[in-house]
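In structure tokens, one chain follows: the form predicted on its own.
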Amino acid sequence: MADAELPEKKRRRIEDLTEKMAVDGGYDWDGRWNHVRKFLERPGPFAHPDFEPCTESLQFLLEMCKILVIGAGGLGCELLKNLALSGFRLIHVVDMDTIDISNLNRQFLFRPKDVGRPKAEVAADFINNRIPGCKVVPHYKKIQDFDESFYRQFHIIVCGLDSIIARRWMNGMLISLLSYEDGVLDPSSIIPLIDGGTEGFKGNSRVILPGMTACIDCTLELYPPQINFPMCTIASMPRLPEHCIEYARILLWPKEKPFGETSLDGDNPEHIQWVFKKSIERAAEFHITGVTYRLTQGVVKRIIPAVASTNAVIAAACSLEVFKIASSAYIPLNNYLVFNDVDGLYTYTFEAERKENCSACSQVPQNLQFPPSAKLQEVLEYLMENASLQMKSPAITTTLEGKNKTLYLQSVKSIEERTKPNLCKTLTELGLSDGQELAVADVTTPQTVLFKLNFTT
């Protein structure tokens, strides 16, 4: 047979197989979901004590259950594949990033021709084309661009994020959706959150039932702090290639403004190339080696090292928890799983406990203990440096003499200039008193966090 005839023969064979697999114009050919039916239509030693095998559970997964996947990167690609092959058809995916060539070694839904396109759209197209009947809806946006009504439509939300800020914001959104009647939580308002995270050969997955189990902020101390280099080292005594890159990013970019008033964009090759060039010059001046384009991009974008096998394991664990909760066939993870294969294979689970005074889920005003002579700057630093809060750019407001007063707000330049002098004033000079309530807004949460000021002697 001539080589030219092979592609045509292969095409006809695929068409014949597709036609045979379709049943009454649908996608569920005989035996397609046998692997799922084994878990849902028969009892087993690990099933939930209250589970009753039935056919309705599979139909719920196929036709009704709506899943939101946040992130379409290393974890997100694995999650979308796993969920679609497990019978979930109504899936939405949110991701604000575009595909970079460095993603292709582990984010297997993407190809070289996709570089530059939105991750969410390419991932959705791939799954929809590859898995018959699946309807993945992409959203090339930030999670902050959606309101409550968007998130309320989903039965389960699963995160494959590399940002603690985004995790905390999503956690706060789901907590804000909770309903209480006479102080009792309405179970129907709970949207389970399955969270996965990886760093190199380590990873974790967890199950969060907002209002019932420990939330992201309850265990904030478990997340490794972001590496920040001292400014004096960056400016005067660089020793590492990262110091040179940070020098170009933090000091040279705003000073030289190579592209006008444009902010440094880690996804813009021209911006990264400029930082790379300046970093090389800085490194040569101090006889430092190791500055590469890839390292430059990693430092600028705060890229966390990723290993494909770790992503696969954690995404599998998260997908399993989604399946268990959606089907009610098995008891969910309680509630934190840790995975490590740096030296051999090690995994264990533990129950993360709720904090009674959690700033996100306790619904109790947090105590701030400061002497009246403390300056507002000290309060601001506490909000940012405290391990249980870790705010990024807190905006502080209060009520004085029946009127709302902004004590400090950084995100709006005109207000920041007007309120900056308050940072040098004492709490007494600002008119604050013992027991005063302070409302703090931050990018880490969609909710305003209430604090109660307690003066110490």
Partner chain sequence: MLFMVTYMPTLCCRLWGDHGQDTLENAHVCLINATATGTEILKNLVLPGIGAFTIVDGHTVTGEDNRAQAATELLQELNSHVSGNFVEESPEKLLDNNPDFFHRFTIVIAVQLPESTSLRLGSVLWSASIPFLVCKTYGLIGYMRLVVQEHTVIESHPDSALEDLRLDKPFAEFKNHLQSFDLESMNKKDHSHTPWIIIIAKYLEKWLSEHNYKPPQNYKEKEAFRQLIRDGIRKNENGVPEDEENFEEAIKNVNTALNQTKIPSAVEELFNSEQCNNINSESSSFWVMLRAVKDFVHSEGNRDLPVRGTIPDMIADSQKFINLQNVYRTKAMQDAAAVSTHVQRLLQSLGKPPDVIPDNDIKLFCKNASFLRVVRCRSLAEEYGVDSVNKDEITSCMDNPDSEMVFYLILRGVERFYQQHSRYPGVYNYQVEDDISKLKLCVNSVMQEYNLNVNIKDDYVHEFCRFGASEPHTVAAFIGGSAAQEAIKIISHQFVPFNNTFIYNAMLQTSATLQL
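Small disclaimer: the values here were computed from a predicted structure and weren't measured. Here, rigid core means the biggest group of C-alpha atoms that superpose within 1.5 Å across both forms. Positions refer to the first chain, counted from 1.
Another form, the form predicted in complex with the partner chain, is not on view; read the next lines as being about it.
The partner chain is not drawn, but in the predicted bound form it has no heavy atom within 4.5 Å of N171. N105 belongs to the set of residues with a heavy atom inside 4.5 Å of the partner chain in the predicted bound form. When the partner chain is considered in the predicted bound form, W253 lies well away from it, no heavy atom lying within 4.5 Å.
When the partner chain is considered in the predicted bound form, P372 lies well away from it, no heavy atom lying within 4.5 Å. Contact with the partner chain in the predicted bound form, judged as any non-hydrogen atom within 4.5 angstroms, is confined among 416 to 424, 64 to 72, 386 to 394, 39 to 47 to 39 to 47. Each of K202, A317 and I331 places at least one heavy atom within 4.5 Å of the partner chain in the predicted bound form.
This chain is displayed alone, yet in the predicted bound form one of T98, S86, T219, N128 has a heavy atom within 4.5 Å of the partner chain; that residue is S86. Of the residues given (M231, V137, L345, A284), L345 alone sits with a heavy atom within 4.5 Å of the partner chain in the predicted bound form. Contacts between 63 to 91 and the partner chain, taken as any heavy atom within 4.5 Å in the predicted bound form, involve E78, K81, N82, L85, S86. When two forms of a protein are overlaid on their rigid core, residues whose CA moves 2 Å or more are considered shifted, and D265 is one of them between the shown form and the other one.
Core-superposed comparison between the shown form and the other one: the CA of R282 exceeds or equals a 2 Å shift. Once both forms are overlaid on the rigid core, the distance between the two CA positions of P421 between the shown form and the other one is under 2 angstroms.
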